[in-house]
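Next up: just one chain, as structure tokens, the form predicted alone.
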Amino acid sequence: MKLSRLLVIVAVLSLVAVACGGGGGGTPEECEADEFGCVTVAAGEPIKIGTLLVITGENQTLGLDSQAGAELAVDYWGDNAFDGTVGQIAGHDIELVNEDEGCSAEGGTAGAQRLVTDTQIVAVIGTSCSSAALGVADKIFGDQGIPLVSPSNTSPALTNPGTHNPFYLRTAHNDTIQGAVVAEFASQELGAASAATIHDGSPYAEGLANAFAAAFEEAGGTITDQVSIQTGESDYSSILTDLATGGPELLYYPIFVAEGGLITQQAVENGSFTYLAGSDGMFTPDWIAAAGAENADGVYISGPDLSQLAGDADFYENEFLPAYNETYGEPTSVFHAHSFDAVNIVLTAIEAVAIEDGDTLHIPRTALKDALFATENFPGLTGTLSCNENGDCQQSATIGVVTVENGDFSDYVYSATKGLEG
């Protein structure tokens, strides 16, 4: 499958475009009827897409990796080539406006507020961390009618019907899937009969720890304890000692780089746990450096299995990765392909609903949101994307597990594909 198929607007989006007068010389009347109005892009002006990712600090590898995927998508759009050109829609350049979310609620608030001051922002790619989105950036953007499409938020709460913002979607997997895969690996492959979990109170970590615990118990395992830590501490040894008294074979701590590195060091020093495991918040060489290679060796880490892409694997290996490597070096995390897909579904939806008025373009905000949620059977790099009413566009995902060998991540030692329904 050639990835130029990404430029084909799926039928349901075309229907939305017709309803909004898109592509057929429509008038701004559709803008007056839209609750949030239109973004009007004057002749010679760019179509602005925001990014709100963690691009500084200890977790920056997660966001910079996604930003690279977004930039490559804009480069590839239109001419189907990674040649450094800027993609266009109806003669208008596509421009990324990048802000930092700091992997925190406070950072998500500040970054989102900076972006919404620019009324020309059509949509936003982000956030990296679920804590920067849930009840924070998703609400700030949603209140202005701006879609937020995340390449790496995985907290179940973000697409739970009770907490979902109607302008929020994601191309990343839901951690109900990842938790089930890690539990399956722990029980079936490692043979662990008991486990304890640590989370840092963030929506990502707590949601994933709980998803793992539920699936592990359903598989017949015993959860001896689940604890929350305060980030920024320098010593977690007493918590680890308390957890060890329950005798868990596996310690699962799906947190981020700094705390993940420190807990790895201190868990190894404790010596009571047979297996240590984390997830994609630690799936970066920066975590290995924070833990120390000698401590990270043997730890299991889960995340999207990019060796088993359900989308265009040949394109990923032979075109996308070489372009990434040439521009940015080796990938620093595992969500660049999801970011590429996020940008492509946004651009496809814009192309579907945009109203051409001479050299001016009108983009109705609600129609754009509806077009995104109508995405169905979209041939993405990570697989076929179909967005449900709660914003989950990855209806199934392949999650893999690696370990650390001699200070580097191994090939995948386990992989499984699961859907949102189990």
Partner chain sequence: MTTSARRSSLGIFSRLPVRRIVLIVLGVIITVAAIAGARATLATGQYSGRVWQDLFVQGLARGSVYALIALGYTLVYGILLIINFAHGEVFMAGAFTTLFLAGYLSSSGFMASQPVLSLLIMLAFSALVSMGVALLLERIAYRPLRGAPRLVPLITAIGASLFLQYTFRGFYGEQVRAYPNIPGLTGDWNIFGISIDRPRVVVIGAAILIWSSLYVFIERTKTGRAMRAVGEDREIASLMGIDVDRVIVITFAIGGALAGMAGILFILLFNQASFDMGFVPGLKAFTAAVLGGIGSITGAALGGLVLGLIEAVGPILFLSGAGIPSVGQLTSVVSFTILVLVLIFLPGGFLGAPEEKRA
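Quick caveat, the model's predicted, so the values are computed rather than measured. Residue numbers count along the first chain shown, from 1.
Below, we refer to the form predicted together with its partner chain, which is not included among the displayed structures.
S.K.: Name the stretch, out of 343-351, 293-301, 79-87, 273-281, where some heavy atom lies within 4.5 Å of its partner chain in the predicted complex.
M.R.: Going through the listed ranges, the match is 293-301.
S.K.: Counting non-hydrogen atoms within 4.5 angstroms of its partner chain in the predicted complex, say which of Asp370, Glu58, Glu376, Asp357 makes the cut.
M.R.: It is Glu58.
S.K.: Could you spot which one of Ile229, Ala193, Ile121, Ala313 gets a heavy atom to within 4.5 Å of its partner chain in the predicted complex?
M.R.: The option sitting close enough to the partner is Ile229.
S.K.: Check for me whether its partner chain, as it appears in the predicted complex, comes within 4.5 angstroms of all of Ser234, Glu269 and Asp286 - heavy atoms only.
M.R.: Yes, the whole trio is in contact, each within 4.5 Å by some heavy atom.
S.K.: Within a 4.5 Å heavy atom cut-off, is Gln188 in contact with its partner chain in the predicted complex?
M.R.: No, Gln188 is distant from the partner.
S.K.: Is Gly261 one of the residues lying within 4.5 Å of its partner chain in the predicted complex, judged by heavy atom distances?
M.R.: Residue-level check for Gly261: yes, a contact with its partner chain.
S.K.: Using 4.5 Å between non-hydrogen atoms, is Asp242 touching its partner chain in the predicted complex?
M.R.: Yes, contact at 4.5 Å.
S.K.: Is it the case that Ser307, even though its partner is missing from this view, gets within 4.5 Å of its partner chain in the predicted complex, heavy atoms only?
M.R.: No - in the predicted complex, heavy atoms of Ser307 and its partner chain never come within 4.5 Å of each other.
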